[in-house]
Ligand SMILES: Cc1cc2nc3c(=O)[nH]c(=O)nc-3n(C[C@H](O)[C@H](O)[C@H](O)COP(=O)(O)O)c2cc1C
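Only one chain is shown below, in structure tokens, and it's the form predicted on its own.
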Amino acid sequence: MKYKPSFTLLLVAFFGLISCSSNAQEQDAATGEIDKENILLVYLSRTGNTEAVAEIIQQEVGGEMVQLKLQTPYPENYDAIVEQVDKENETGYLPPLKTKIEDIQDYDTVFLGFPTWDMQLPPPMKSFLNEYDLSGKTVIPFNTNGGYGLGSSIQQVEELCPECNILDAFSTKGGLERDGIYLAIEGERRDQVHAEVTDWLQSIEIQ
């Protein structure tokens, strides 16, 4: 004789599954766990230091790394790029991006990596935040700088992402191109920054 489950048993099983799913979601929220399939790391890096931090974050939390590139790259000469960025900031010019992200709606968490230029957010990152709507997403800034801090970068991220859940930023000293110091986050310094990144991720409950 074939066994036929009763309607009551099917109902109990159905609500049991819903309860398990809900409990799992509550547990994720309680532990700060995020879906590693839905993490995007967007970064701008000229000397390799911000890219080094992006690689460390990816080692810890996973996600897809995307480097911002311009349609017309900046000049290699330091004085020339400083002059161009100053002019872009004064005029509000947003340099067009070569980088395209077709499926950004699929990501729930977006790490934003950038150096401090002219004591503010670099123009290419402003271009990215103007081109892509990150409303409803969790945005996590990280930064490298020449020893002068974030400047007004975070305020500008907040202005350009008004509907985002912006978590506390990570910032560390990278190179100092003006003085000929390029990739500084390597070797023992990279190990030190890796430990700092791990502490930061734990403090914002991403790990």
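Residues carry their position along the shown sequence, with the first being 1. Keep in mind that what you see is a predicted model, and the values were worked out from it rather than measured.
One more form of this protein should be noted, the form predicted in complex with this ligand, which is absent from this view; the next part is about it.
- Picking from 104 to 112, 117 to 125, 90 to 98, 130 to 138 the stretch near this ligand in the predicted bound form, with a 4.5 Å limit on heavy atoms, gives 117 to 125.
- Contact check for Gly146: a heavy atom falls within 4.5 Å of this ligand in the predicted bound form.
- Residue contact check for Thr50: one or more of its heavy atoms lie within 4.5 Å of this ligand in the predicted bound form.
- Of the heavy atoms in Glu60, none are within 4.5 Å of this ligand in the predicted bound form.
- Heavy atoms of Gln156 never reach within 4.5 Å of this ligand in the predicted bound form, leaving it off the interface.
- Taking a 4.5 Å heavy atom cutoff to this ligand in the predicted bound form, the contact residue among Cys164, Val66, Ala169, Leu176 is Leu176.
- Taking this ligand as it sits in the predicted bound form, the stretch 57 to 84 comes within 4.5 angstroms of it through a non-hydrogen atom at Tyr78, Ile81, Val82.
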